[in-house]
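So this first bit is one chain, no partners, the form predicted alone, shown in structure tokens.
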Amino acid sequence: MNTREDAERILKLRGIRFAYPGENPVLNDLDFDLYRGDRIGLLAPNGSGKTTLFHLIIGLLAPNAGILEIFGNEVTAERDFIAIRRKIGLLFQDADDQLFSPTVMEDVAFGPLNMGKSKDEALAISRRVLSFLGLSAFEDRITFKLSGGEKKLVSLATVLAMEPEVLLLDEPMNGLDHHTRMRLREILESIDLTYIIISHDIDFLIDTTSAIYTMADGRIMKDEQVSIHQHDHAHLFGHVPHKHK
């Protein structure tokens, strides 16, 4: 039988510390491992460091201390993240931070073209991804005229077109109508990718992840340390009978 140790470890974070200038640490001696096939949910209050963690993983921010290993290699400099960003796709919380081209097709094809694909290859990949997401009719749509839910799905298309091995999804359900929320659930259930999802929607996380963690005091708290409740929050020692005021 395969054990956890037999699985390929994608992320290894040890003693990660990060503070924005003039502020207290957001991440404080954080340890975390992500293995291939993991589907992890992060449910924690705003300001707990969830988005900061994602930005550290793809090199948008640099830790003040600690060790960050990705795909078996320690990464420390900007040049180390060039290859990483081809394997780990980040879906930003705000789709407007992700979309910048005039049309949907131009946005989705940008990633493959930037990776060295020919124009024909990039278009073929983009059309395949748009079809998979049910967005085939969107190729020539003007990006800034899309609805919030449409922008979110197109943003996901731009990430999937890079053919990543890992997805980091930051509040993917924000601003979505019921139909789009259900479609996103179906998409995540059908893809064979490792991912971490930040969300305040516990039902969504229950449906789409195999483990839900929270964050407190700048650290990730595993499921043996935390209990997730249906009243839409998480905290330490939740399994102990308690009252909420």
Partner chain sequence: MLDEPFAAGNSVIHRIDPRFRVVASIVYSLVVAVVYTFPALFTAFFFSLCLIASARLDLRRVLKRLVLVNGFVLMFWLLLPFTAEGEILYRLGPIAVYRPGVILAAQITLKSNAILMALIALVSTMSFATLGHAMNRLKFPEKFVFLFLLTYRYIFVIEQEHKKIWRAVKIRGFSPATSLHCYKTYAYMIAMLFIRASARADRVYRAMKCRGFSGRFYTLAEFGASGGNLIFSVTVSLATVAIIALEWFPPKLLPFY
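Residue numbers count along the first chain shown, from 1. Quantities reported herein were computed from a predicted structural model and do not represent experimental measurements.
What comes next is about the form predicted together with its partner chain, which is not displayed.
With its partner chain omitted here, the record of contacts in the predicted complex names 115 to 123 of 129 to 137, 68 to 76, 171 to 179, 115 to 123, defined by a heavy atom within 4.5 Å. Taken together, the three residues Asp94, Ser101 and Thr143 all lie with some non-hydrogen atom within 4.5 angstroms of its partner chain in the predicted complex.
Leu153 falls outside the set of residues with a heavy atom inside 4.5 Å of its partner chain in the predicted complex.
Interface membership of Glu165, defined by any non-hydrogen atom within 4.5 Å of its partner chain in the predicted complex, is ruled out. Using a 4.5 angstroms threshold between heavy atoms, Asp80 stays clear of its partner chain in the predicted complex. The closest heavy atom approach of Ile202 to its partner chain in the predicted complex falls outside 4.5 Å. The listed set Arg185, His55, Arg39, Arg219 contains one residue whose heavy atoms approach its partner chain in the predicted complex to within 4.5 Å, identified as His55.
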